[in-house]
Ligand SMILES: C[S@@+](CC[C@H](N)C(=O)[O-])C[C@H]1O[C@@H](n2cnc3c(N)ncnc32)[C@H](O)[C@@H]1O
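We begin with a single chain expressed as structure tokens, specifically the form predicted on its own.
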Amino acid sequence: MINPKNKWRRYNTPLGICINEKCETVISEYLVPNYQGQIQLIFTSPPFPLNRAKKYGNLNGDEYKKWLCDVVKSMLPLLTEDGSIVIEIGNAWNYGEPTFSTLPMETLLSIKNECGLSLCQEFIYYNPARLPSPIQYVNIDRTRVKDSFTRVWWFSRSATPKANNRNVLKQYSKQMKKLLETGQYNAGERPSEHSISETAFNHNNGGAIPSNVIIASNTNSRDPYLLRCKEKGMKIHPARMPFEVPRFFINLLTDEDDIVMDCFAGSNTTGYCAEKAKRRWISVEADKEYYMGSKYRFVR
């Protein structure tokens, strides 16, 4: 990795670098001059468009859409020709009433249209352990149910970005393993009018192709990051991304030695997963406390 000027706090690992600064500054002053056309995957989860101000700052409405679209536009020169941008935006509710805000979806559509990107696929990140929210309407008024999933959109400049679903295969089900062992499959036409041949599924491809629903909980109380932050009295990031989400996209969309970037790193789950997968990585986090705590992803 090319090290930036000493004016920014940063830490390095064998494969990556994490910088404590606003992403807009790092992109313009460090990344664009040094990494044009070199980053294979930008995976990130920006601050959500919340109604209540948070320490790390948040915008809302058209101001939020414009800000995030501008950030994505500034990153486009960094992508390889077949590179991808994957963005998760959390849900929002309209202030003072039990109605769902469309701002996250509007923002994703604005990114697609204003940045000239192709939407390769929509994914759902479902967290079965997510706490009931919004509390007023779910726990107190009992007029809504728990909000448990967010959207993750996979964009690219090309309609055919680099991707290989063989890298994210799941174990076959017991029924599929039995089918492969016996060689017997109920071929023929289905009520849906799909015609299934004898050989269509009677072949071992090493695993099952996963769906676009990623199920992951962030409930590991023995995570070294959590333990070290508590030990050192560091603030723990309240919205940590579970490993399963960035790991899935890193494996699907990159190869070893490719560069992965996260411009809103938080506790730097993306950098950690990239390091484990032998990818080079660059992470940027504006909040000093979250940046300092993220070191414990790598330091034992």
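Source: prediction; values computed, not measured. Residue numbers here begin at 1 and follow the sequence given.
Not on display, but discussed next: the form predicted together with this ligand.
Using a 4.5 Å cutoff between non-hydrogen atoms, residue 265 counts as a contact of this ligand in the model of the complex. Of the heavy atoms in residue 278, none are within 4.5 Å of this ligand in the model of the complex. Taking the partner from elsewhere, residue 254 is found to have every heavy atom lying beyond 4.5 Å of this ligand in the model of the complex.
Using a 4.5 angstroms threshold between heavy atoms, residue 274 stays clear of this ligand in the model of the complex.
In the model of the complex, the residues of 222-258 lying within 4.5 Å of this ligand by at least one heavy atom are, in order, 237, 239, 240, 241.
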